[in-house]
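Below you will find one chain, with nothing else, as structure tokens; this is the form predicted alone, and questions on how it binds or moves follow later.
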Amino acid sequence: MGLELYLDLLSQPCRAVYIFAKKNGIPFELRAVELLKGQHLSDAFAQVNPLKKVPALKDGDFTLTESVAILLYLTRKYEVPDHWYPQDLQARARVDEYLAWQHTTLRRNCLRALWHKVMLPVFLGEPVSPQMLAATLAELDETLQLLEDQFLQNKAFLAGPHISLADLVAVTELMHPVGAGCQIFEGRPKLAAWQQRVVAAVGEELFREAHEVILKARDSPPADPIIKQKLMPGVLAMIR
């Protein structure tokens, strides 16, 4: 059995893995795991990832979880251009620095923006107070400023003159609030220009394909009550 990737493109780290594999011509079998149907909570998927999260990778008898670990595994196993994860010590360290920072900052705040603005009220039927939503969006705005000031600065890409894993992970995160209807690039010309460079480097068609699901998030039908009951504990833990 060849490489298998367990993904749902609603998930931002799944989109990063999907784009990276497709862009670099890495052959894989896509194993769809529909998060909004609770498929990640099934006993069958727990055999792949006992943590019941996507993405997950199977390569023969080898199984790997966590998106950054999966991306690094793919860069090391396959011959991909050096700019994704440079051999140069300091250039690689800049990529590592961003990947270490983003877990509890940009990822958290983009996720909270999507769920507080759209998924909780629309999909799960759970009201979110205007105060809570305002606080979430304000925290996202602060994080976007940090992304610009600390990481992008005046460079073409986050870690230097070429696209890297840092940019791919970042841009897929930012599409979460975009999918929620947040105009995060308005008033941020530097960030908007960076996003356009990343899309061009990845390829517009592939970028659009990977983000088709998230850009339709606002059209999600209400969850079945049984599914809602299954999902709620994990959702609340994820966005707290």
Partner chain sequence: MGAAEPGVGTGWEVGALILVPLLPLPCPVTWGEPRCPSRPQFPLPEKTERKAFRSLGVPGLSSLGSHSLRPSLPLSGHHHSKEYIEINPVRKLPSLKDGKFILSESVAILFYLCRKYSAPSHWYPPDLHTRARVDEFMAWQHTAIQLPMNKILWIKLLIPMITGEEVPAEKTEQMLEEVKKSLQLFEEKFLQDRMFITGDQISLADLVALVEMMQPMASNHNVFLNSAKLADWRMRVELSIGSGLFWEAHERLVKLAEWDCSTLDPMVARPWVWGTERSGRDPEANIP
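From a predicted model like this one, the values you see are computed outputs, not experimental measurements. Residue numbers count along the first chain shown, from 1.
Just so it is clear, the following notes concern the form predicted together with the partner chain, a form of the same protein that is not shown.
Chemist: Just one stretch in 33-41, 180-188, 56-64, 201-209 has heavy atoms within 4.5 Å of the partner chain in the predicted bound form, so which one is it?
Modeler: In short, 56-64.
Chemist: Do all of 194, 196 and 216 end up near the partner chain in the predicted bound form, with near meaning a heavy atom within 4.5 Å?
Modeler: Spot residues vs the partner chain: no contact at all.
Chemist: Considering only heavy atoms, tell me if residue 117 and the partner chain come within 4.5 Å of each other in the predicted bound form.
Modeler: Flag for residue 117 set to no.
Chemist: Is residue 92 close to the partner chain in the predicted bound form, meaning a heavy atom pair under 4.5 Å apart or at it?
Modeler: Yes.
Chemist: Check whether residue 145 has any heavy atom within 4.5 Å of a heavy atom of the partner chain in the predicted bound form, and answer yes or no.
Modeler: Judged by the heavy-atom cut-off of 4.5 Å, residue 145 is well away from the partner chain in the predicted bound form.
Chemist: Would you check, heavy atoms only and a 4.5 Å threshold, whether residue 236 touches the partner chain in the predicted bound form?
Modeler: Yes, contact at 4.5 Å.
Chemist: Only one of 156, 132, 122, 80 comes within 4.5 Å of the partner chain in the predicted bound form by heavy atoms, so just point that one out.
Modeler: Residue within 4.5 Å of the partner: 132.
Chemist: Let me know which residues along 183-218 have a heavy atom within 4.5 Å of the partner chain in the predicted bound form, or say none if there are none.
Modeler: Counting only heavy atoms within 4.5 Å of the partner chain in the predicted bound form, no residue of 183-218 makes contact.
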